[in-house]
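Below you will find one chain, with nothing else, as C-alpha cells; this is the form predicted alone, and questions on how it binds or moves follow later.
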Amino acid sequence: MRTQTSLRDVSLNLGLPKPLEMMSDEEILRKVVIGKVFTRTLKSLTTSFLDEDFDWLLPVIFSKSTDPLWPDPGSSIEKRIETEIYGETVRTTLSMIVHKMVACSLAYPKLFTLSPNVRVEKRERKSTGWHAYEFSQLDFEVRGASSSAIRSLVERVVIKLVEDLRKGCEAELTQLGQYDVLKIPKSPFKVFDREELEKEYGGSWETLLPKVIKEPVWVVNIPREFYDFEEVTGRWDNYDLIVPKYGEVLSGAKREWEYNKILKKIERDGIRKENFSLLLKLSKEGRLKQTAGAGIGVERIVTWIVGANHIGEVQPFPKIPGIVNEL
C-alpha cells in the first residue's frame, strides 16, 4: 500500500489531469483510491435523500428547454450544444432546473436526480482546477420549502457524508493525506451576504473567501437567472455553499412561480420566451407551485474531499475546458 505522502506527491506532480492510458502505475493507483471515495460519496448522498423520503428520478439529456445560464455573472459558456430531433431543435442539459420546477409542481413533492450537465466552458478555465465541460449534479427540489429548510437539509447531508467517509474510507483518505484534513463540519454553517462580501473583498470575493474559511459556509443574495426568487427590494432569496480552498459546490434558491414576475424577468434579461413557453403556460394557469432546491456538483464535492488539485483528477475520463481526449 502506498503511503500518505507518496499519493499526495503524485497529485502535486500531475499538472493537468491525463487520460487513463497515459497515466503511470502510481497515478492509476491514486485514481483507483479516489474512485473508492467517489463511490462512497454517491452512496452516502443518495442514501441521505432516500432517507429523507425523496423520489429518485432519472435525468434528462436533451430538451427543448434548459437552464439559460444567463445573466449569472459566474457563467462562462463558449457555445451551447444544439441538435435536431424529429424536426425540432433540442439542447443538451445545462441543468435540470426547469424540469425540476415542473416535476416538483405537478407530480413529485420531493425529488432528486443525478443529472449530467454539458457546459462548454471557455478554454481559459482549464487551469482553474474547478471547471469541467461535462459533469454531474445531484439536483433536488422540494415543493413549498423555504430557503432555510433547504440549507438545513444540505447541512445534514454534508455532515452525514463526512461522517460516512471518515468511517468507511479511513484507509483511502489516509493514503490521500486527507483523513486529518477533512473535519466534520458544525451546524449551522455560517451565512455571509454577498453584498457584505463585496464591501470587504470587492468583485473577487468568490476566489478570496475560500482562502480564509475553515469550514463550509453559505453565501446568500446572489443576482442570478430569472427562476431564482427576487424580492421587491431587489434582494435574491438564494444560496451557494462554499467549501474551504476551492469554492462553490452547490447553488440553489427558492423559485419564482408567479407568471407576471417570471415574464417580467425574462424580458428584462433578454431571454428568449419561446424557450420557456411551457414554464410560462403552467405559471399562467396557476399550476406552477412555489418550490426550492439546489444542485450539488458531485465532482466538485469529491475534489474537496480528496484534496485534488484539479476536478479532472476525480473524473475517470477528464473533461477539461479546451482539451478533448479520445474518450
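Residue positions are given as counts along the sequence shown, with the first one as 1. Because the structure is a prediction, the values reported are computed rather than measured.
Form predicted in complex with a small molecule: not shown, discussed below.
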- Query: Is residue 99 one of the residues lying within 4.5 Å of the small molecule in the predicted bound form, judged by heavy atom distances?
  - Reply: no
- May I ask you to state whether residue 139 is within 4.5 Å of the small molecule in the predicted bound form, using heavy atom distances? yes
- Query: Does the small molecule come within 4.5 Å of any heavy atom of residue 257 in the predicted bound form?
  - Reply: no
- Message: How about residue 252 - does it come within 4.5 Å of the small molecule in the predicted bound form, if we only consider non-hydrogen atoms?
- Response: yes
- Taking the partner as it appears in the predicted bound form, which of 184-192, 160-168, 244-252, 212-220 has residues with heavy atoms within 4.5 Å of the small molecule? 244-252
